[in-house]
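For reference, the chain that follows is the form predicted alone, supplied as structure tokens.
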Amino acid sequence: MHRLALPLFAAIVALVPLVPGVSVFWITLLDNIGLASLVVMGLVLLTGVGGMTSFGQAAFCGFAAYTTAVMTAKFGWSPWLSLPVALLVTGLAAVVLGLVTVRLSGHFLPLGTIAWGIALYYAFGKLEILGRHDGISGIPPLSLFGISLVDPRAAYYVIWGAVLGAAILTMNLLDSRTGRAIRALRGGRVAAEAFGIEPARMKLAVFVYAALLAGLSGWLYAHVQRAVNPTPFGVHPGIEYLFMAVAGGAGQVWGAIVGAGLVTFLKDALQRIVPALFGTSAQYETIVFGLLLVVILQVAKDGLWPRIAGLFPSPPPAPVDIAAEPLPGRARATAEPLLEVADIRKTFGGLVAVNDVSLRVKRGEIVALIGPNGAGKSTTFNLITGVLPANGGSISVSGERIDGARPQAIAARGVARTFQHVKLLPEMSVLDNVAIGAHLRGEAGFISGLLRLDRAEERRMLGEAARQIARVGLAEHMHKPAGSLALGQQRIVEIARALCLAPDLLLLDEPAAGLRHFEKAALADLLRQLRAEGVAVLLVEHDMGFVMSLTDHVVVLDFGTRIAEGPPAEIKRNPAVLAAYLGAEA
């Protein structure tokens, strides 16, 4: 969004109540949109960015609403003093539920949120201290400097001030090292872990943040409505919040406000118009509401906000300081061999995928791992990088055993990789995709990202990413979505991302696939330069011309077993290799 859009939006929000003819009814409706926007903003981060679908966010509104209701209506606390307690209770509940929920995947995750959403709804309605299904009334309104904010126009500014503050914090977070790590979750666990990201920890942090935004909404709701009961905190409102996120544009911060406004206005209009047309004998407005949402989602599959934003010229990308101070490097190990794989074995049931394979890679050496399709090459890569556990043997980097280590720990030892099937985030820019590779070289965390205290480190991380992109020859594509590039170029982007880790050992899985002749030549020159800098490269590749002209040593696998190794010239003449590739008769 353009930098002037935020102050412009804030000015419009501030002026709305002052416009002649804007009645209390419309102000109340806008208050409800603001309360919903807070919850949906959390869902944008949780579902749209992090890829975790939740139907239970309304329950977190309930935790905060009931906490402040009990403290203020029953024990006489000030509403403002109850706010940190309400958020603390909501946060603790989110941690407990999140520790279970975020470990689920696929359809089990949304089903899990539905399950505890239903359970909490009935819990709110059964507890005596919470007033059972009658709820709690007599909640005091908010006040500032002794002035009561019971009037909807006064509460309007508090609610929309909270919405704007949450929007700023959320945009800050997305524009940070942590924000890129959250986005990386959508690319799958394997790619995220390969660059030091902790998916479980990151998912839990996002889950708690989204819950806190919902809790803030619930706290405001309690003091605006001045009464609470279980109805607004069940699964049905949770489904509506998810509708709002999708309709506005999941993954778009401003889409949260658009979606909340659309669904709230639509529901209100239908509740007034449909009964006037068809009578009150049946609730046709629910049917019409569902049909209209389906039409909207068909017309704008990515939500309404991208359509709205597309009407205005896109702001130019922020300049990147390619000459920024380098990120801190790692202490490079000097022991040889850099990588030593000894008799590693991997079985899947009765299938032996890797059969007691051994190999060595020295510093400043390019070693190729070749073999026919299904020979076990990519499985060997996954064993080295901790994606799969080995059933036997050992793997060492600079003399330290890494077999059994987690992928993040192996990446921290200077082992970076690319993938046989490209694992980029297609909607993110090339620059942001590559910057994910520098995750372990930064230190700024969640709070620093929220409060924008990470700007110096962020300049250095983006500068490092820009340098690596220029190094691989894709500088002109830096700000394009990664998914818009050709497959061969996407493979080169993966190499740039791996180089951002400042690796000692670089594992490349079919890097030349899809490249044209001159692009392969450029890639070969880059690998030779890395070799000269002391980086070790382990390469899986099917282009034998590329392999034989570049590598120092070749290891050949067939059906998971090492059948030959040696210099390229020797491998070319090896009978076992010729038989594996061409057949025994040939």
Partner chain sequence: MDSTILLFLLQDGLTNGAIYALLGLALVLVFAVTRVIFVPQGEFVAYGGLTFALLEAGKLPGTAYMVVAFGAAAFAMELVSRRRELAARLVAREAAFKLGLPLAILFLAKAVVAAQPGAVVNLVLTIAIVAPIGPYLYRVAFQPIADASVLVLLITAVGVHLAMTGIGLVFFGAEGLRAPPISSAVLPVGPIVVTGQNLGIYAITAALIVALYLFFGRTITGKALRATAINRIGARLVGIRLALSGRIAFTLAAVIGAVSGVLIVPMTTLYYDTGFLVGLKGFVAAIIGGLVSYPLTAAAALLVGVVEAFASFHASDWKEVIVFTLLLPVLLIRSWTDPHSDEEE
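Quick caveat, the model's predicted, so the values are computed rather than measured. Numbering follows the first chain given and starts at 1.
Note that the form predicted in complex with the partner chain isn't included here; everything after this is about it.
Participant: For this chain shown on its own, do F55, A119 and R189 all sit within 4.5 Å of the partner chain in the model of the complex, going by heavy atoms?
Facilitator: Yes.
Participant: Any idea which of 219-227, 125-133, 166-174, 437-445 reaches within 4.5 Å of the partner chain in the model of the complex, heavy atoms considered?
Facilitator: Going through the listed ranges, the match is 125-133.
Participant: Tell me, which of A115, L81, V150, A409 has a heavy atom within 4.5 angstroms of the partner chain in the model of the complex?
Facilitator: Selected residue: A115.
Participant: Just give me the single entry in A456, L104, I273, L92 that has a non-hydrogen atom within 4.5 angstroms of the partner chain in the model of the complex.
Facilitator: Contact with the partner chain in the model of the complex is made by L104 alone.
Participant: Determine whether any heavy atom of I308 comes within 4.5 Å of a heavy atom of the partner chain in the model of the complex, and answer yes or no.
Facilitator: Close contact is absent here: in the model of the complex, I308 is far from the partner chain, nothing within 4.5 Å, heavy atoms only.
Participant: Though only this chain appears here, would S137 touch the partner chain in the model of the complex if you measure heavy atom gaps against 4.5 Å?
Facilitator: Heavy-atom contact with the partner chain at 4.5 Å: absent for S137.
Participant: Any of the heavy atoms of Q298 lying within 4.5 Å of the partner chain in the model of the complex?
Facilitator: Looking in the model of the complex, residue contacts with the partner chain include Q298, since a heavy atom lies within 4.5 Å.
Participant: Please run the contact check for R363 against the partner chain in the model of the complex: heavy atoms, 4.5 angstroms, yes or no?
Facilitator: Close contact is absent here: in the model of the complex, R363 is far from the partner chain, nothing within 4.5 Å, heavy atoms only.
Participant: Going by heavy atoms, what in 284-302 lies within 4.5 angstroms of the partner chain in the model of the complex?
Facilitator: In sequence order, Y284, T286, I287, F289, G290, L291, L293, V294, L297, Q298, K301 come within 4.5 Å of the partner.
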